[in-house]
Each structure stands twice: as C-alpha cells, then as structure tokens.
Ligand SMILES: Cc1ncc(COP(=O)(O)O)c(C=O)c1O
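One chain comes next, on its own, written as structure tokens: the form predicted on its own.
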Amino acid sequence: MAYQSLEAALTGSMRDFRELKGPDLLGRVEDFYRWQENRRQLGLWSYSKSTEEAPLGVCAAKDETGPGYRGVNFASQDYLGLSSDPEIKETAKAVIDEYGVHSAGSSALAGNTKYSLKLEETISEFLKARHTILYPTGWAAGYGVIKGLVRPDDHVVMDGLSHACLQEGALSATPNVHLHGHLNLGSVRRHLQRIRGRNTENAILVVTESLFSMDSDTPDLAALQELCREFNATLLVDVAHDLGCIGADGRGFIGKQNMLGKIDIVMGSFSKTFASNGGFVACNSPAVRQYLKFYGCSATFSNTLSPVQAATVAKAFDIVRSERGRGLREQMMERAMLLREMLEMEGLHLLGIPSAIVPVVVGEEAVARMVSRRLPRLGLVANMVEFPAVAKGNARFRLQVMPGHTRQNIADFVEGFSAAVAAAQSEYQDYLAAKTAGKRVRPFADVA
C-alpha cells in the first residue's frame, strides 16, 4: 500500500464500490481493495475476524492484520450456546461414525438421509405446519423460496429492513419489488391497494421478519396475515433470529403472537440457535413443498444438509423443547436484560426489545470505526455494522448474548466498550477540529 489516508479511511462505504464500470472485469475492483487496505492498515477495518477456539463467552480471536487476543465475546451468533453443548457434540460424533460427514446429493435426488427426513418432521411439528423442506444455508432458504415461487410479473412487498437473502431473492425474481416502511402496516396497505388497483392477474408476496436483527424489533404478524387475506396476497415470515430462543416454549414471536400454523410460509435458519448451518421453509401445502424441491434453485442444485448437520439440529430442537431449553432461554434473557440495563446506565443508545440481539447505536460511521479499532486492545470482541447494512449515520454494534455470559463478562464488556465510545467521540471531534482549521490530519500514531 503506497499511502495511508485517515480521511479516506473514515469516509465512504461499501455501497461506493457496488456498481462497477469499465472493460477490465478484474482490474475495476482495485479501488475497493485500496480503500479496504487503507482502512486495514489504520486499524479501521473491523470485518473478517476469526475465533481461535470455540466461540464461547470468552474466547481467543484475531482480525486480519493484528495479533491474536483473548476477550469477552459478544460477536458470535449462538443464542442458546448450543454449538459447544456436550449433547450436541456427542450426537455429532455418533453420526459421523455411523454415516460419515457428507449427504452426497441434493434433496431432489439421493441426498436425503434418515436424519434430514426426521428433521423435516420435527420442524413441521414444532411450527404446526404440515410440510418442511431443508436448504443448505439459511441464506439459501430465503433466496430460494422467493426465487422459486415468484415470477417476473408478480410483485413482492417487503419490509425495507428485510435480510439481504430476501431482498436478493426478490430482485432476482421480479422487477416489481416494493419496500415498505419498517413495521409500517399503513405502508403495507398502501402498496397492496396500489398494486391490486391495477393488477389482479398476478401474485403478491409480502415479506417480513419475526425479529429484525439490526433493530431487535418485531411486526404485528396477525395484522400482516389479515392484510394478505384482504388483498389476495401471500405472507412469508423469516424466523431466523427468534425461533428457539424466544418465548416460554421457544417458538419465537410466531408462538408469542398466537400465529402457529397460521402463517402462509415460514422460513428460517439454523445458524443462530440450532448449532449448525442450514435453513428451512415450512408451509401447509404439499404442492408448494414439492415445487420448491424442484424449482427452488438453491435447494435443487445444492447438496442437502450433511447427516451430521441434520442430526445435530434435530438434537438442538430436542433441547429447545426441554426444560433445559427453557432454562437456557431464561438465562439468555436475564443476561440480555442486564447488558441492556448496564449499557443504558452509561448513556448509550439501544434499540428494540429484549432479545439475544442488543443493538447499540453509535451514529457516525467514522466514530464507530474508531470504537472498533480500540476493542481488541481492551479484550472485547464485537461486530460493528455500518451503512449500507443500516441507514447512513446510524452505525452500531450488534451485540449477541449467550447464556454462558457471566455477570462479570457483561460488566467487563460495558466498562471497556463505554470507554472506547467516549475516547472515539473525543478523537473524532479532534479530527474534525483539525480538518476545519486546515491542519494536516495524520494517521493514528500507534498504528503502523
């Protein structure tokens, strides 16, 4: 890297490099790499971290450039801490001995196993749906269900904060994608009225999440389903972030809102609560299940879950449904409430309702990058989220709670994190003052 520019590292976003032009297909990505590398050299690139051991409440981690460190971990998505659960690990070991590690086929061919078939039955029963189809990842489920069912003349009306897999699936299926205001039922109604006022020939899919991962909030699912009935539309709900870890019985906000078996299509991911990659789509129609198996490209043309994954997810469902699962949910929620309480006592801005996700808004992207730069030295592991993943000027840290976090872990994290925010805000004001005065703004002295 030939230069270090603090101003360049504190400004811009990945949106700037999404639309590329020029005849050199490979060369035109160089500008992104230069911007990324500049941030990396200055310690302001917070992505692509790795854990050096199991992702527990305290673990060893490292980023792409710095030395490894050990710290309190609020970055991992393991909402009930099942990825290292002894029962889960024993199940995985036993299935490896029995089956090996590979399904060796898609669900449309010979990739099904007795474990994947059992898992489909388990999910159907858990959600009071008649049919379930598995996908290799949660992303594949969200993308595949929309791409599989929606055609170019159809319409998709989705919450503007819906996950990228849902938005990408919609945009790949139809040009008629309408983003409604976040959790705004009036906005949903206006879209549906406008579409049906001029188009009664084609289908409408309404898409939302039961718990939004960036804001930790939830829609009125019954009202959305009723709107779909009124306008002859179909409702798809993504339950990735609350299924298994929210509610007395673990059935998430679909259960809490008394909507089990009443939602047209439910899709979800195993990677947040169920100790594995993978995803699913559940519905009440055997025709939809069979159609997605052969026309949902991300399932049809991908190998299905390995027997190890399917068996461990099924075991995770067993735990979720047990008294131990209830206890884990209560412990996770207790830790989440304590974390929120202590962060608010420090004057920090939190979003949403209590869940395993605790979003802490910092605001300016530059400040959030400066906060993230300090965390490794403080022994803290946390994920920064910035534009375009969230609105510009609303950068945040998405903290993710596990039952295994101790009260001391939480106290240590809050103490270090609040200090990092205060120092970054002061540093950013100094930077702005120097820039306004026309002084040369130099890179951080303590970063090579």
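Residue indices: 1-based, along the sequence shown. These numbers come from a predicted model, not from an experiment.
Absent from the display: the form predicted in complex with this ligand. The rest refers to it.
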Contact residue in the predicted complex, chosen from 165, 88, 129, 221 - any heavy atom within 4.5 Å of this ligand:
165
What is the one choice in 191, 272, 340, 251 with a heavy atom within 4.5 Å of this ligand in the predicted complex?
272
Spot the stretch among 133-141, 222-230, 119-127, 100-108 with residues whose non-hydrogen atoms come within 4.5 Å of this ligand in the predicted complex.
133-141
So in the predicted complex, does any heavy atom of residue 209 sit within 4.5 Å of this ligand?
yes
Taking 4.5 angstroms as the cut-off for heavy atoms, does residue 244 touch this ligand in the predicted complex?
no
Although the partner isn't part of this model, could you tell me whether residue 238 comes within 4.5 Å of this ligand in the predicted complex, counting any heavy atom of the residue?
yes
Decide whether residue 278 counts as a contact residue for this ligand in the predicted complex under a heavy atom distance cut-off of 4.5 Å.
yes
